[in-house]
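In the structure tokens that follow, the same protein chain appears in two forms, which are kept apart as structure 1 and structure 2.
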Structure 1
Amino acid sequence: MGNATSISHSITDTPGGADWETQRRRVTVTLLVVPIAMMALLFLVPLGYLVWLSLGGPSGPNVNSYRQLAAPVYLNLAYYTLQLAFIVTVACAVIAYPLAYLLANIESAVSRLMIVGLVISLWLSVLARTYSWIIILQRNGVVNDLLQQAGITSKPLPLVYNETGVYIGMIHILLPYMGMTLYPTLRAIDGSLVRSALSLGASPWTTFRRVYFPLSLSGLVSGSILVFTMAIGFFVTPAILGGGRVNTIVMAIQNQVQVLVDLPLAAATSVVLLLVSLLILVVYERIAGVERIFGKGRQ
């Protein structure tokens, strides 16, 4: 280390070394300026325009659009959207946790194929996957045919164009995100800790509850935050599988733009939705730290 430091100082002390250091700094600044400028152009400018439009836009500063959001219809839509996102998140966590546990603790060709399947599912079109559920869940679809052939039901069940279809479709689409977030966390848990707890007389359930689950909690919370924030902004799946009977706050934004042609109101709704998502991240930061999403725990 001492030799490297002295060599570095000797280079910068010479005229040529000073030129090299100046050029390095210029390149560093240039590489930073380009992405910052692109971020400002593609993100900050549109966001600023959205906020300006929500505050009245060309008609002058006012908060009339935000006052309209206090109407019962929008409050009910917001409540239902949060409820929908919460139930979908809980369902994804319940289904993904044992799946991720198996993938993390069983070394076999089957587990590797399942991981590949999870990754491939993220590449498939959300629109195509949503429409496929209409074929599967319709009155003459595969699910209803199997239920009737097994004698479980005597007539087709209403599984699509209602809340049931929306929940099934959203859970199916968001489940891989929960699973892929949980998997590396469970994979990183030291198995010797579990074996030590068992060797000291703890039951399997106590070992899971007192040792394994607390160590996996950061991945579970990270996956829940990811799924919840994505579920809040879902549009395609509720619109198609809901058949117009399931309305969310995002669908209200579409109605404000295309039917009411009230751009300030749509902008205000979008800003509030963004603030809610940011608030969720702030709450998560208070609980566990956003850096855990990237696999770095608190020091």
Structure 2
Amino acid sequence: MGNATSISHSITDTPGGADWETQRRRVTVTLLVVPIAMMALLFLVPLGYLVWLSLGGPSGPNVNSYRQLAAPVYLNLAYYTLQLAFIVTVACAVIAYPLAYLLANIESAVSRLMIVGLVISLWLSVLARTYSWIIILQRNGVVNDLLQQAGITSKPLPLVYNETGVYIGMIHILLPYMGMTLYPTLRAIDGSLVRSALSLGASPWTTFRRVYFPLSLSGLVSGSILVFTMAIGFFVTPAILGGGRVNTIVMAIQNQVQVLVDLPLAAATSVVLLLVSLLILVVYERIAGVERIFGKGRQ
């Protein structure tokens, strides 16, 4: 298509014509050079180096580090991390579903305030909110004060620096992501379908089960994938609220680097986690399209 002089003639070309197309393609390539170079240099190279290091680095290709990973301690860690992420995801889905239903279907002050709250949440510091939970949940914190004043317990409950604290903190931080993915899906459900089912004699429960819920499934799936991925890689919240009693695979990686100083092992663990997250990314793209993350982009 086109020829070398197309640029100088382009002004008189019809938009959409062959020369215009060629020129537009050339501009597209020029635009992409900088961001692609940046991603290659600052994303693919570090990760590629990690893969090389995990395979033995300078001492030739071998899978020694991966063999180390097959030890029971790492298998248990992997199992524990997946279990933690799974429970957090299910909890977020169960908590967020009625909430998203409320936001999508009932006009009230609480809905408006909640939408603002959810959007602001995505903007707030994870470190700060994790720290808040220490203040709220600690031995002489607000929750324990209230529980004792209400006579529910006589001495403070251990709510933080353990698994309970990790679950509370992770659900708090990941819930808005689930909510903001579910809400647009539920809002897009055509109310006339629900009305038809009801007028044809289906009970509200049957209508929900056979009509409403299947229509909301796509949002539930993409929200769950998003939350699950974030939960697997979560470091700040479990590290702080777990108080050393909760160990996940990312915390093991930090330990391998900073305490064990076994970089090939840390690299191998990272590569496994990298492959898992890339797999999830591809699945997510297949199911929902990555641009739907945060509920933005095409619906």
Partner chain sequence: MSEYLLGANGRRLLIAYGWLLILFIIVPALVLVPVSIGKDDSFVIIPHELSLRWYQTLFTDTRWRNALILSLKLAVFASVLATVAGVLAAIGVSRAAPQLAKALRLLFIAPMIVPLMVIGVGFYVLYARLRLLGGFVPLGAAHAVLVLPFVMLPVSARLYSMDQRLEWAAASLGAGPYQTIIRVVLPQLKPAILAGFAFAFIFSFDEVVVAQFLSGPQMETLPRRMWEGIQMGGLDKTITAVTTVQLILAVVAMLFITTWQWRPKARPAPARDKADRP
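Residue numbering: structure 1 sequence, from 1. We call the rigid core the largest set of C-alpha positions that still match within 1.5 Å between the two forms. All of these numbers come straight from a predicted model, not from anything done at the bench.
Each structure shows the same chain on its own, and structure 2 is the form predicted together with the partner chain. Superposed on the core, the two forms differ at Ser108: its CA moves 2 Å or more between structure 1 and structure 2.
Aligning the rigid core leaves the CA of Leu281 displaced by 4.9 Å between structure 1 and structure 2.
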